[in-house]
Structure formats: C-alpha cells, structure tokens
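Single chain ahead, written as structure tokens, the form predicted on its own.
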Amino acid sequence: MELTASGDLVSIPHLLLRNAQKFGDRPAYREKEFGIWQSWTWLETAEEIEALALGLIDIGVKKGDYVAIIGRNRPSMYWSMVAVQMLNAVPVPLYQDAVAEEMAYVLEHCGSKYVIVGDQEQVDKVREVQETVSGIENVIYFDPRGLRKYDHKNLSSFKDLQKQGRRVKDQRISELKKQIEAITYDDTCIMLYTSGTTGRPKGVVLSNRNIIETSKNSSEFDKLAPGEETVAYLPMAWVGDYIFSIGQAYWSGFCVSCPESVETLNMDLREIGPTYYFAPPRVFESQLTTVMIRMEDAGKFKRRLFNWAMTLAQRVGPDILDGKEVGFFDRLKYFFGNIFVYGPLKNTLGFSRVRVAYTAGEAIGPEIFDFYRSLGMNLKQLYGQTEASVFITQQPDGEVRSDTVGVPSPGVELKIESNGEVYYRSAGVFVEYFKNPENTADTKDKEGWVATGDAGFIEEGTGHLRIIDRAKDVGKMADGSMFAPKYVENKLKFYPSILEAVVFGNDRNNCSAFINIDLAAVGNWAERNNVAYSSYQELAGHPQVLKLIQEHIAETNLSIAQDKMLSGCQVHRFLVLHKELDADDGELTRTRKVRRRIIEEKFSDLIQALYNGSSEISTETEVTYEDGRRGSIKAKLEIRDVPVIDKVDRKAA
C-alpha cells in the first residue's frame, strides 16, 4: 500500500506507510518468545497490520467504533491499535491486570463492540463482564492456548482474522485505502483512561494532531533517530507507553522490543541494550534495592570497592556526564571506577548503551536520581500528563537536576496561577473527556489552558519548573507551616527496606506515616541477621524490623530539617502496615499511585491511633486474593515514636 497522494503525515497509519517505504528493511519490532528473539521489519510490520485491518473490515469494524485492546506488551497488540486506526476507529487499551469490575466500567463507558485480547485470562475476564456489559459483539484473541474447547460463536483467532484479511484483500483493499486517505489531523487517534486517583477513570480523547505534534517535538528535542532501540514493558493502557512505543517510534522509525515476560525483563534488557529508555520511579527504586541487596551479600573487598567507587561517582560523576570541568586525577579514578564498578553495574541492569533515559509519573527521590546519573547514565526527568499527550516539561542535556522537572517542552506554554497551581497549553492538549463535558470544562478553559492539579513554581533565571506536590495534597500544618507529603515519602523510599510510604499531617500538629516494607530487601536483611519469620505480616511486625525502619525515618528527619520551608514535615510517629498497599484493594492505581482518600477512609482507625498517643492497635482489614476472592486479615500493630529536630535548635544552629 502506498502513502496518500498528498504525502501528509496526519496519522499513525500514514507514518507506518512512510516507514515501510523509507526504512523498509530496518527492524520495527522484536519479540522474545520461548527464549528466542523474533524480528519484523517496517515492511513486514505494514503487511501484518494491513492484513489485520482488512480482516477487521470484513467482520464489520467501521469508522467511529471503539475497539478495546487488552494484553501484555507484544507486537500483535501494538499492531491491533494501528490496524484499528487505519479504519478511523478508536483503540481503547485497558490495563491487563485490572479486575473484571474495572474492565466492565471502561467497556460499558466507551461502548466497545469489539475486544482484542492477548490470551485465555483476558478472554475469561471479558466473558465474565459480558453478563453486565452490553454491546460486545466479538472477542479476538492472539494466544490460542486453553481456548480450544470454548464456544467460538463470538470468539475469533487473531491469526485467522489476518488470514481472512489476506483472502479478501482484492475485494477490500480499495476500501481500506479510502479509509486511510480520509483520516484527518483532528480525528481521534486513541482514547486512554486516567488512573482514577480520586474517582472513576476518565476517558481522555487524543487526536492525531495531539499525538503526532507531541511525538515530533519530543523526538527532535532528544534527537531520536531510526537507530534507537527501546524496550516496551510498561502497561499499554498508559499514555507514556503509547507515546514511546508508537508515537515516537513511528515518527522516528526506531525499533520496539517486547520482553518475554516480567520475570525475564532484566535479562531481556541486557540482551537488547536499549539506547532510549523510560521507567517510572518505582522501577528505578526496585533496581537500586536489588543492587543494594547484592552488595550486602558481597565479600568485604567488593563492598569496600563499591563504596569507594560510589563515593567518587556521587561527587564527580554527574559533572563528567554533563561535560563540566573535573580534575585530571578525579577523571582518572572515575575511569578505573567505570572499568571495575560502573560499567559492570550498568551492564547488569541492561543500561550499557542507554543514550537518553527518562523517569516520570511521580517525583523520584533525589538520592535515587543522583545514583543513576553518577554511574554515567543520562537519566532525566520529564513532567507530563495523559491530557498533555505526555510532555509538558523536559530536561535539556547539561541542565539536569534532581529538584526540577526541566523547561517547557517544544511548543508548550506554562503559567502559574495565584494559588500556585501549574497550567499549560500546547498542541498536545487533549480534545475532551469522553462523555464528560463538565470535567472537560473544569480542566481545560476556552483558551486551551489546562489545570494540572499540581503546585509548583518556575525558577527565575533558569526557567525550570519545580513541582512541590499535588495541589490538593499540599496543605498546612496546624502552626501554618507547609505540608507536602510526597516530598517526605520520596525521601523515605530511597531506603531499600521501604517500598511505600504514606504521610499524614494536614491541619495537624505533626506528621505521621504508614510504611510498607520491601519484602525482598527486608527478607534478605532478616536472613543475614538470623531473624526468623513465616509471612509478610510477621516480618513487618518484628521488633528488629521496626527498629530498622525507625532509624531510616530518623535519618530522613535530619534531611528534612535542612529545608526551611518544609522542616515541619518531619515524621513524629509511624507504624508498619500489616499488608502491602494493593491496586486490587483500591489503595493504589494501576500505575501504583497512592489513593490517599481511600487509604484515609479504609485505615481511619490506624490514623486515629497515630495521633491519640496509642502504642499499639488491633485492626482487621479486607483484602482481595489473586484469584479474586475476598477475605480479611487481623493484626496487632505497634506504633513507634521517632526523634525530630526542634525548630528552636535549628535556628540556634
């Protein structure tokens, strides 16, 4: 199939056709299956997508239809989105780990007639929701394992649909060409549902203009080229994955590799060696935790070498990375550190070839951020939203700092309202919230300015944006000092032992915290210190573990005390929760953002105990098991005090 006569690149399908002609024999997708990497060129990818699009036409998919897509990162799922777009229909990716109830809301809300899924697990979820969701006419599956004895009346095979498309090509190809040629810049490209931190997810409608302008500008900002390699492993329902794995990939013509599974991701990263990489803070936190656990198990010589090298790296590594002046002997020592420590460590993590890496989604702890940059990894922060087609700000090379999120991305305007809330305007600004004009009007004004919901300010001189916290979460302590929970939580999560932290203190005399321990890190610590335990709950309540967490919080308080504006946010009391916060229990979003309101309601008895002077509390909590069953767990939790630095002492100092 050829590009439209005008040659206008007004949609992802148009970019695909251009890439098939311009980069035909270059790799577009890789997938690891059964331990073997398979590869598709741009020309082969175009042929696979065309066959699927023809098959979809033949079963009745038409312009304006909403097609849900549910599955893990694999070429077939990405091809499905583009095939749907060829028909000017709208792909709606869902989180594959969502429970049936969450899927039911999205499927009903968007009115999806067709659902494309990865495997039997997703087929079963869709069948379950069909009891309450109306209008689903056909479910198309990619992996046939376990489905042989299912009733295939409204169930189709992905590969069979492609075969059907190839059979009807002669009859249908002209119709497909007309559909592609008719796509305009302002037609809907994709609909993505927000994570829903404060209520029901909202369907964010993004046009071709939103996606392509954003992909173009952000690709040019970092000089992304056809030779880049990236690994797609984040949820396909998240806007970041769509921009990185389709928007930028199709604009720049680079290759997207899909790992075999979550369990093999680290090995697959090492094999691919991505040059362009993205991960939310939780991934970088998890990888750092793994590194620290391994170093605790290493011999004395290795530990001493590691500590020496990292002390040097933290002092001069970022300056060397940014091309700043560093003394000859420090450069020489860093050179040897790279041979013996930094290089092998980056290789273990799969980062040996990374040219540009980003983190976003929520604030990353400065210690974690600086750790990776000290290794010579060009890790930068961006600030974005689904409603912005991701990019609002980015950090230019040479201007990377842990305390800012960069300057406005190309084509983006910023302003700060009198209440401190950040607003932006750009070509990437979403069209609307689907079937929700009230929320659309509340978020985007008539001039196109969008309220981010975040509090921040623009630095004088540098033009960099600094985000303080979510505007709704930033408050005041009882004495009038600022309360910014995320600032404290990110500092706490630097410690490998702490997986998650939730800080309270708005309108109160002091701050307190819930802590989730990291089972892998604390379990390793327990093994080395001969601490016996049989469950997460038992380990979380062990006196030695509580003492360890108490020491971490005390160290964090020392750091917080140095910040005049936020020194009142030191944590006075804490407890270690008896369960991990879980998206299935509604405590986190599918992108692992804390749902503060739900946590405050669900654990109100624990919060009350933190502030009424109790030293322990008995509680019972409802939980959701992996198979969907509900149950409850009982526990007696110990509450501990933590030393804080008095304000008077700080002034005297």
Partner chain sequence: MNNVSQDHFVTADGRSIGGALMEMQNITLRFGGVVALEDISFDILEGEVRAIIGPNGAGKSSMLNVISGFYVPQEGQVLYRGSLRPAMKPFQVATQGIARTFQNIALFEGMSVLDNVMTGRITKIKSGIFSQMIWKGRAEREEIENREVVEKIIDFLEIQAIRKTPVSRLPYGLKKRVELARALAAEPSLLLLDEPMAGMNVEEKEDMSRFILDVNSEFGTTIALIEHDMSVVMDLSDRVVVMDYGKKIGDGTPDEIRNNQEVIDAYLGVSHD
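Quick caveat, the model's predicted, so the values are computed rather than measured. Numbering follows the first chain given and starts at 1.
Just so you know, the form predicted in complex with the partner chain exists too; it's not on screen, but the next bit is about it.
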property: In the predicted bound form, the one of M267, L312, A298, V531 near the partner chain [non-hydrogen atom within 4.5 angstroms]; result: M267
property: K547, R148, K324, K223 - the one with a heavy atom within 4.5 Å of the partner chain in the predicted bound form; result: R148
property: Partner-proximal stretch of 580 to 588, 31 to 39, 46 to 54, 62 to 70 relative to the partner chain in the predicted bound form, 4.5 angstroms, heavy atom; result: 31 to 39
property: Contact test in the predicted bound form: K636 vs the partner chain, heavy atoms, 4.5 Å; result: no
property: Contact label in the predicted bound form: G135 to the partner chain, heavy atom within 4.5 Å; result: no
property: Contact label in the predicted bound form: E260 to the partner chain, heavy atom within 4.5 Å; result: yes
property: Touches the partner chain in the predicted bound form: R629 (any heavy atom, 4.5 Å); result: yes
